[in-house]
Ligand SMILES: Cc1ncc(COP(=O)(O)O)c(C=O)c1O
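Below sits a lone chain in structure tokens, taken as the form predicted alone.
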Amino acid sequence: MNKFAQLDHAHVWHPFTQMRDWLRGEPIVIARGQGAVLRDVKGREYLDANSSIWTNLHGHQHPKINAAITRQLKQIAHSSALGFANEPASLLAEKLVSAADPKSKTATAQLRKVFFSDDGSTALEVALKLAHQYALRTCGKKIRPKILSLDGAYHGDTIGAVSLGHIDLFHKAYGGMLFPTDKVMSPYCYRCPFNRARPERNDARKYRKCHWECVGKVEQKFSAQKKKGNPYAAFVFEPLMQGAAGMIPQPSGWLGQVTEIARHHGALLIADEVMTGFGRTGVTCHVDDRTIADVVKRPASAKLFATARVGIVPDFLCVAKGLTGGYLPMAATLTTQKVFAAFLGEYEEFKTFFHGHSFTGNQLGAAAALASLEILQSAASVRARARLQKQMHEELQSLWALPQVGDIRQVGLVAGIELVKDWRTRQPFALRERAGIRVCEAMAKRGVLTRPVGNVIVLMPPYCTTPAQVHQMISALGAAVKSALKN
């Protein structure tokens, strides 16, 4: 076994990993990366099919981000944001505010303030604390602010973020530590109890038969809470696609309807774009040649955030993961002037937002993020993302020939392929069968790395991925399903 693998086995505890299983085999030790390719210490090459857990946007060793970090290192790596400002963080805040503005005529507010933190969990923690305090300060301290989130939600691993989550596998162990939050059904068309359509070889959103019962459930939840005299203070959601829930995409129109309901009932909107932000949900809602060609001609029309794509301005926009292009841990929570104003007062009033992080506004992270945003907003990047989105859609169609593929869900540059025992019955694999893990292990043997969410295989390639690499990723997935899930 390689010496670094031995050291890993001796000392490292990995996240979301059953370490007894981990210690049974020799891990892949990553040594280098270039573009969409990773190399291990033995010289083997792999395609990074999930962008190093959904973070790496432009590929590894991008020259513009490397240069930006190198330039910043010659100035200063970090100084405290407690009592001091710095140049790159100030510029980044301005750029984020500009990128988050959908310029929609229906927008009711604008995101104007940015609170920097470390990762997706802390970005949600900031939004949660701000929403809680805002509710108390505007509605009176006699209320007990309650939060509504979606079934299957995952918003991070801090105690506040876990309290917003509703995945028993992850969160049940911490039940005694959490504060209560409510949940409402998510629009999981493939397994929705209200969808009367029989299985087809197509994305379940396209052949569903229902009466928007999922939207009705949201209205019922808000109305019932209002009757108790304590309306929901906030509604938390991942726009267009729920990630760790199993790559669950929202049918067209759902998000607009439920956010309108939340607004009607006076709830603040907290949009978790940790996974969906920075172009990940694509450049267009369609993948035909006409719409792709239109985006290629007008790259400025491409929106970087899912909420902006559908003209929704939340009260809080939480971003992380791809913020620095996948280089450094950094996050941000954007909010409105209205929320910000509720924390203004004289020193002795103690209206200050008492929350912070040692590396808030870190200069290296901000420099990397500024370079990443510049790349994202370039015409070349928009065109590349449009073509990648289209090719992914075309290549994924080949997987419908596999009887173990129940649903293929693509939103932009994110795809989730749900594995089942038989597509005609939608019968799932039991978790103990490790179907998703076995398929990903078989993909690794074919030079493609990704990680499943239960029985859902995730494909989320870097934006620099070439047509040949996309073909290799999806071909490897198809071959892995055949070999790992033999009947």
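Everything numeric in this text was worked out from a predicted model, so none of it was measured. So that there is no doubt, residue numbering starts at 1 and follows the sequence shown.
Just so it is clear, the following notes concern the form predicted together with the named molecule, a form of the same protein that is not shown.
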From the candidate stretches 183-191, 401-409, 150-158, 381-389, select the single one in contact with the named molecule in the model of the complex, where contact means a heavy atom within 4.5 Å. 150-158
Checked Q363, T335, S121, S117 for heavy atoms within 4.5 Å of the named molecule in the model of the complex; positive is S121
Is there any non-hydrogen atom of V274 lying within 4.5 Å of the named molecule in the model of the complex? yes
Classify Y46 as contacting or not contacting the named molecule in the model of the complex by the rule of any non-hydrogen atom within 4.5 angstroms, answering yes or no. no
Might E125 be said to contact the named molecule in the model of the complex, defining contact as any heavy atom within 4.5 Å? no
Residue-level question: is R280 within 4.5 Å of the named molecule in the model of the complex, judged on heavy atoms? no
Taking the named molecule in the model of the complex, which residues of 211-248 have any heavy atom within 4.5 Å of it? E238
